[in-house]
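Subsequent text provides structure tokens for two forms of one protein chain, presented individually as structure 1 and structure 2.
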Structure 1
């Protein structure tokens, strides 16, 4: 291992994705330094929901009580702003996001700034250092390190990860390709006070766009050829810009007396061709951007961090070969691609015009069918995600999926996973003998009973993915293959 570097991993960006990644690295014993351009955390309420997979991941790390403090108010805010607690697809608010066969797998409602504070506190308690008000201007990669120029000073690291948002400096400096589709629409929104709310028509889709309001939140969505020209606009949304947009969309003049948390969204859909170029990697919006419709972006980025964190730590600490990092793109790129696909579909369903109106009517009727509603629920939560495992397995239906919690004697899987270690829980003493060469890398835990009738043993990665499972007697070579793949040759 190169010992001359300033840190094992340099993380650019201190948003929720960057802070969770840094925490996962530190939990596994790797040194992480976070560099953030902003001097203070961003107060903008860009997102309000983390899906069930990210919620479960934070529960596994002991953050469940902290997240729960915000859920009740977050639910009330959602009901106020959207008129419904149900999920939506293209603002058709009919999607049941809680699966009937797994009712405990629920999302959490927490505004992004609150989540960022929770994750920052968590990461700093693990020893992560955050340098705020610092700007990356150059990066150079060598055979065994990356050198970044930050505020004129060099920082060297074994690896560097860009978690610096949709306009990622890391992505541009490292030369990642970022293909995709240009925006069809622009959404402007903020928390406002109006001199007279009664001048507005009812919210919804109108001939020239969409008007949204509820509580203090108001926003517009406009379509047209001029949208693409706004793709590079950096200036913050102003009262005059929002006022003019309201006039174009619904033909009335409003007097905005106060504007807080102003934001502007485009529905372009772009994704890095790969999430890794040598010693530089991307996560979150740096790797993929898309419409915020459906609220999937934050959950997607957090799950990137969970997938990458343990793999990167194992690599820098010499517990796994560098090639383990290739599985990050292999597993996460298809998930990001699927989100881009469904947000493009939502953009199409939100466009104004009678043809879209007719299509929305049919989609709304289809969502009343239980099987269709369940499909959209899986689509929006990602609970259907199953990674293709690069080795033969016993074809258990949950291999490659993120596991829900279950009992392990008088404790639970999530309680055992608090330290971020790989787990092999079992009720068969023969499994401990098979896994003995990996005892230093994997926590092998024998139990009298497991709280799932379809499992007698489960190998669970640090990100909560079921890597191998057995119902009856274990097949030794299948288990050894899974252990070798993720945790090295054993000793």
Structure 2
């Protein structure tokens, strides 16, 4: 190991993805330093929902009670703003996000600034240092390390991860390609006070765009050539610009007496063609941008962090070869690509005009069919995500998927996962003998009963993915293959 580096992993950006990644690294024993441009946490209420996969991931790390504190208020806010607690596809609010066959797999409603506070506290409790008010401006990669220029001082690390959002400096400096589709629409939004709210029509899709409001948040979405003109506009959104947009969208004049956290965003859909270039990696919005429709971006980014954290820690701690990191792009890129695609479809379905109106009516009717509704539920939650595993697996339908919680004698899988260790739970003593060479890398837990009739043993990665499973006697070579792939050759 190169001992001259300042830290094992330098994380750029203390947004939710950066903080979860840093926490995962620290939990696995790697040194992580986070550098954040903002001097104070971002108060911007962007995301309000984390999907079931990210919610489960946080529950596995013991953060369930913290997150749950916000859920009731978040649900009330959602009902107020959308008139429904259902999920939506292109603002057709009919999607049941909880699968009927797995009713415990639920999302959490928590505003992004609250989530960031929870994650920051969690990471700091694990020893992560966050250097606020510090901006990365340059980076140089060598054979053994990466050197970053932060506020004029050099910081060296074995790896650097850009969690620095959609306009990622890391992505640009490290030369990642970022292909995708240009925007169809522009959204302008902010927390406002209006002299008179009653002049506004009900929120929703109108002839010339969309009007959104709820609580103190108000915004518009407009389609058309104006979008291209604004694509590179960096100046902050002003009261005049938002007022003019409201007039264009719904034909009324509003008097905005205060505007806080103004923002403008486009619905372009772009994704880094790889999430890794040597010692530099990307996660979260730095790796993929798309419209926020359906509330998927944060969930996607948190799951990137979960996937990368343990792999990167194993690499810097010398427990795994650097090639393990290639599985990060292999597993996460297709998941991001699927989200980009469904947000493109949503943008198309939100465009103004009678043709889209007709298509939306059909879509809305289709969503009343239970199987179609379930399809949209899976699409929006990603619960059906199944990674292709690079070895013959035991042919269990859940291998490669993130596992729902189940009982392991008088505890549960998620309670056992608090330390972020790989777990091999089983009811067959022969398993412990096969896995003995990996006993220092994997927690091997013998149980009398598992709360799933279709499993007698399960190898679960630190990110909650079922890496191998058996029902009945294990095939030793299949289990060894899975253990070798993720956790090295064993002793």
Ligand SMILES: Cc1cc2nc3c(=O)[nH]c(=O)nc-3n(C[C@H](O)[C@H](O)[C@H](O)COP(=O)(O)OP(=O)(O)OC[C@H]3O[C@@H](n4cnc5c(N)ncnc54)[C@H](O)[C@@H]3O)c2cc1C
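Note that the rigid core is defined as the largest set of C-alphas that superpose within 1.5 Å between two forms. All figures in this text were calculated on a predicted structure; none of them were measured in a lab. Residue numbers count along the first chain shown, from 1.
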Form predicted alone: structure 1
- Query: Does the distance between the two CA positions of residue 183 reach 2 Å or more between structures 1 and 2, the core being superposed?
  - Reply: no
After superposing the rigid core, is the C-alpha displacement of residue 258 2 Å or more between structures 1 and 2?
yes
Fitting the rigid core first, would the Cα of residue 102 be found 2 Å or more away between structures 1 and 2? no
In Å, the rigid core superposition gives a C-alpha shift for residue 192 between structures 1 and 2 of 2.5
